[in-house]
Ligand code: GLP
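Here's a solo chain for you in structure tokens, the form predicted alone.
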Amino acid sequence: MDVRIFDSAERIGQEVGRLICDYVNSNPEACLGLATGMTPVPAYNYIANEYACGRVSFAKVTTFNLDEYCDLPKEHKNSFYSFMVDNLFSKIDIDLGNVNFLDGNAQDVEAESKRYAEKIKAAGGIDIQLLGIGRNGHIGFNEPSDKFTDEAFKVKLTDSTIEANSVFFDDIPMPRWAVTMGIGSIMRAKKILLVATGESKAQAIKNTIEGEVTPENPASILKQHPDATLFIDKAAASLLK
């Protein structure tokens, strides 16, 4: 695991955005795994600016997002689909037909999981997977558990996750369930970039880097990935030895 510490979230966004743009320029048909939340927004801003300046094209890129809320219309302003459209897809030339999400309203979650896994496989696998990390160490919506998961599944969100995300829901209660890529799906990505910023992520980062590999801290599994890089600011690194 490669750990890189930066002065600011903006600087991290520039570095992660540059890595993604450089990869897409060298592999125009790249397959990207994307994350939502405020943490990756600086990287998405950098990518959008590079596209606006004519330095990168996403016309042939395929994307797979990590997760989606259950019991929430796709078009709702707080769906992860809407988040990605607002913060990235509407600002670049990606073909929305190449944009992939888990269906949070699928009646048969097992069939939906199989569909998603097969589509990732058909795309040649994910080249770069972008991740954030929760205060409890979750990646995607893989919450602390007694075992590591594999393919996509439906998960009941923990109280800490609901507390962290409910501030974005001002019109309806935040969903209590989500569908998410499993740990196995994430770990099959060829390259993983995890971003963590802010003091609230310091304990999760300490546990991930210095703690044991355990499903009680899902992000700790990244220590077993052959090409995983953590991009953290000084606040998120504040508890490291």
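Numbers for residues come from their place in the sequence shown, where the first is 1. Note that the structure is a prediction, hence the values are computed from the model and not measured.
This protein has a second form, the form predicted together with the named molecule, left out of what is shown; the following refers to that one.
Taking 81, 116, 89, 141 one by one, only a single residue has any non-hydrogen atom within 4.5 Å of the named molecule in the model of the complex, and it is 141. A heavy atom within 4.5 Å of the named molecule in the model of the complex is found for one listed residue only; from 213, 53, 172, 38, this is 38. You can rule out all but one of 98-106, 132-140, 116-124, 70-78: in the model of the complex, only 132-140 has residues with a heavy atom within 4.5 Å of the named molecule. Within 4.5 Å of the named molecule in the model of the complex, a heavy atom is found for none of 25, 94 and 191. Taking non-hydrogen atoms only, residue 43 never approaches the named molecule to within 4.5 angstroms in the model of the complex. Taking non-hydrogen atoms only, residue 66 approaches the named molecule to within 4.5 angstroms in the model of the complex.
A residue is said to contact a partner when one of its heavy atoms sits within 4.5 Å of a partner heavy atom; residue 161 meets this definition for the named molecule in the model of the complex. Although the partner is absent here, residue 165 sits close enough that one of its heavy atoms falls within 4.5 Å of the named molecule in the model of the complex.
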